[in-house]
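Given next, in structure tokens, is a single chain: the form predicted on its own.
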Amino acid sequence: MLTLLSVSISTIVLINVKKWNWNALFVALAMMTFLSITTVNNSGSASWSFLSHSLAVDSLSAPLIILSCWLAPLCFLAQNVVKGNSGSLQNGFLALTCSIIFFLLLTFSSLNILSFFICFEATLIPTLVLITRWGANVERLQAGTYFLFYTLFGSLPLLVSIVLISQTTSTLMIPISEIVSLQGNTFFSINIWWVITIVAFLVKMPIYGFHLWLPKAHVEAPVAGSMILAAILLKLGGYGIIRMNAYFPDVTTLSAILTVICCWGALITSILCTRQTDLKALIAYSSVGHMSLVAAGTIVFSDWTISGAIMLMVAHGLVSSALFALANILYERTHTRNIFITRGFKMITVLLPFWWLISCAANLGLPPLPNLIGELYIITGIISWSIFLAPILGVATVFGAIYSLLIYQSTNTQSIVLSSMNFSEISPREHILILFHLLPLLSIIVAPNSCMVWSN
């Protein structure tokens, strides 16, 4: 793990300050990915692989660590406009990206709740700078403000809960071998304790109702910021809920209410996606819908829903990042994100619509892609918990297919609006960028157990 962390920082050194060295980026990609694969524990086992006294990896954190390492160099490939800036600005961008990945690796491997909280919040600062400094429009400052205050106000109750957990259990270590059940003074107090513990993660995911910061941040952030937010940072919420739920196995009343809210949020967000005109906002709202489904699965907290949540988080991280990269390819050529203007590219280029088709098919959960596997596990677990949620989840799935097909149809199959547009050819760098997003989906299809968690 120390080697993995050092590689994430040394990526800055691999880049010449005057000109980006793409060969060095791919070397960094290979090094970080293959080193991260060594952290994978035996699939089908929930045991831990200790890296030090304070760091460890299990079948829950290993897929997220690999996802973080895989996507970091792809963010460098996507942020092509940085090449036109000075060497200091390039290094500043690389430092921000690498610092986010560094804190993510520490968060996913931390065994101490306090250090987990510190690293969890440490990702806020470089992400905020990335949005406010590298965003294209003036509204990036408002987006940064939304992101900052939503995250801070949601994290304060978590800090209070950590103090209470320390006083109750006399330790801050994450439960490793057995569940440590916390007991409140009353049934009401333990439910409130559980809510203030997970509210920070619900904001970070986010679920519908806590989502107002996300579309703004995605739209105003640069493509690298959107990719990191959608692919990795949103997964901190699901990871945190799974870890902290081990302390509250007997919470039923408020968890049932929150599960219903998450399922309704997935449905409402899917309907909202069909009314969006901004391409990046549409992709951002689809992330809210998928994360609401993940939140419902983590709150139900069964073997099926937890395995499905991990599968869907990894698959969604790859697919949503690819969609944002594709949206940026169109934006760099048309300078607009309006889906009624950026369309008809099937008549201009051949391979780009193919990438859109694969990404949209994965986003809607077409067999045998892993998005479908994760959604089936979560929906099956939720329906077994309450059959009355089946119509809500069914309609949400239908609308998910509708807006995914809407993205493909709007950008590729309709007639061209800007007939005078000078559309430059898609570069090999951009094809490789999308290819490396979609290739891991094949490995998950072949070995789905690598992204599942089963209890002994």
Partner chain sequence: MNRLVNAFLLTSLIAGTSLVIFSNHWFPIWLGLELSTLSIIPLLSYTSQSRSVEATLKYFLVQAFSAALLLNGAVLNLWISNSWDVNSITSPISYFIITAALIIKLGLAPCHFWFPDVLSGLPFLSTIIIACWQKIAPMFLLLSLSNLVSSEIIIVCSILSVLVGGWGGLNQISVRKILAYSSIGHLGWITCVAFFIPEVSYLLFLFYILNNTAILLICHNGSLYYLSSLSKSNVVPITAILFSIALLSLGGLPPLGGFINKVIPLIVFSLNGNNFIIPFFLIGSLISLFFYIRIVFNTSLTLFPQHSLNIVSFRTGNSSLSQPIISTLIPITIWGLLLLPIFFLFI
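Numbering follows the first chain given and starts at 1. Please read these numbers as outputs of a predicted model, since none were measured by experiment.
Form predicted together with its partner chain: not shown, discussed below.
Discussion item. Which residue, Ile192, Leu164, Ile271, Leu351, is the contact with its partner chain in the predicted bound form, using a 4.5 Å heavy atom cutoff?
Written reply: Selected residue: Leu164.
Worksheet item: Looking at Ser99, Thr132, Ser110, Thr259, which is the one with a non-hydrogen atom within 4.5 Å of its partner chain in the predicted bound form?
Response: Answer to the contact question: Thr132.
Worksheet entry | Among 71-79, 260-268, 197-205, 133-141, the region lying within 4.5 Å of its partner chain in the predicted bound form by heavy atom distance | Only one stretch passes the 4.5 Å heavy-atom test: 133-141.
Worksheet item: in the predicted bound form, does Glu121 have a heavy atom within 4.5 Å of its partner chain?
Response: Glu121: yes, in contact with its partner chain in the predicted bound form.
Practice prompt. Find out whether any non-hydrogen atom of Leu156 is located within 4.5 angstroms of its partner chain in the predicted bound form, and reply yes or no.
Written response: Contact with its partner chain, yes.
Worksheet item: Hey, in the predicted bound form, does Tyr247 get a heavy atom within 4.5 angstroms of its partner chain?
Response: Close contact is absent here: in the predicted bound form, Tyr247 is far from its partner chain, nothing within 4.5 Å, heavy atoms only.
Worksheet entry | Contact of Phe117 with its partner chain in the predicted bound form (heavy atom, 4.5 Å) | Flag for Phe117 set to yes.
Practice prompt. Determine the residues of 97-113 with a heavy atom within 4.5 Å of its partner chain in the predicted bound form and present them in sequence order; the list may be empty.
Written response: Going through 97-113 in order - heavy atoms within 4.5 Å of its partner chain in the predicted bound form - there is one hit, Phe103.
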